[in-house]
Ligand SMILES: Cc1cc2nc3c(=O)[nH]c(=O)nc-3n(C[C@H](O)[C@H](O)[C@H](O)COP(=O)(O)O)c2cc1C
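Single chain ahead, by itself, as structure tokens, in the form predicted on its own.
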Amino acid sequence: MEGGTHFRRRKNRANGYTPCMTFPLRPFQIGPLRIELPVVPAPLAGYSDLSYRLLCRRLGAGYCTTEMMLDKCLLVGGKLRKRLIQTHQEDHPTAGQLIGNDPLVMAAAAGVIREVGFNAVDINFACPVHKALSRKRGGYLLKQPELALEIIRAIRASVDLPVTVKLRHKFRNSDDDEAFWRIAEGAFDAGAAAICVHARSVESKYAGAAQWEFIASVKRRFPGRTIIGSGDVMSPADALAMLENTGVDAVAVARGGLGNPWFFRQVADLAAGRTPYQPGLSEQRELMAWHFSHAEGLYGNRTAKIMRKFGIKYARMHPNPGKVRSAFIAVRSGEEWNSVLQQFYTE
């Protein structure tokens, strides 16, 4: 049960389930951008770097968003800024996601996103982590809807790119929906191209069930607008279930896609009534070797430390996930990463 309403889950053999009948997948729009597959990777801090985005694209994702970028960081030089804004000719269309609380600074940072060559600006009013909230950023803006709208209007006035907004349902579980609706309606009035709705409160973070019925109510209220749903999409079947049961235009996949960049291809297979594609160990090895090699260009001698968290996620697809997870945790170098691949990913 999600939000007091029963939703029929589509299940597939790739996740221990059985195939279902076909389901039509329709393209969706973000301003002038047409995205063919209505299931996209959600931006994840510490994960959605250029390497990860390129992997998702090569396996079916048609639209990506960068990891969260602090507005002030984009206005100064430094290694972090250089890494965050890296893109590639294959990395389009992509939105640059901004977090901050000053309309003028956010507008200036949006200008950087445009100059770099990203195709849209995504505003994060959803982040629930303490560091963001303590600095009155991210999900904190649900407590200041008028400031949130000032930020949206300032960014819209500063760049000629589609602007999207990520929102959570409410700040506290005990709050009403007033702040959400105020920001959502004001965002569309200001010319926002889409809203992504994570159907939990900021207070809940990722605990408890996402309220899919609330996502459905957002789409009912804005039938002619692009609404993207997020929350509890842990399998390709869940992505189709959200599309089917809430009526949203697209679904953003967060934790459910980590370690499985084939997720998007599997969605297309499942929707067509096919058994979802399952990569063999050699294909997984090849992809993980490429991922590490490409990440070295972003992180240098920190690559092994960064890639361990990806390895832990990749291990979930292996027949011996516990052993492989432990092996990746112990990785301290590129040689050790390749050793794990040779040991566990040979057919």
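Just count from 1 along the sequence shown to find any residue number. Here the structure is a predicted model, which means the values were calculated and not measured.
Not on display, but discussed next: the form predicted in complex with this ligand.
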{"property": "Among the candidates A42, A304, A61, L33, the residue which, in the predicted complex, approaches this ligand to within 4.5 Å (heavy atoms)", "result": "A42"}
{"property": "In the predicted complex, the residue from T94, Q266, N124, T246 that sits within 4.5 Å of this ligand by heavy atoms", "result": "N124"}
{"property": "This ligand contact at H169 in the predicted complex, heavy atom, 4.5 Å", "result": "no"}
{"property": "Heavy atom of R255 within 4.5 Å of this ligand in the predicted complex", "result": "yes"}
{"property": "Distance check, F222 to this ligand in the predicted complex, heavy atom within 4.5 Å", "result": "no"}
{"property": "Close approach of E150 to this ligand in the predicted complex, 4.5 Å, heavy atom", "result": "no"}
{"property": "Stretch in contact, per heavy atom within 4.5 angstroms of this ligand in the predicted complex, of 214-222, 229-237, 107-115, 135-143", "result": "229-237"}
{"property": "Residues from 57-83 in contact with this ligand (non-hydrogen atom within 4.5 Å) in the predicted complex", "result": "E67, M68"}
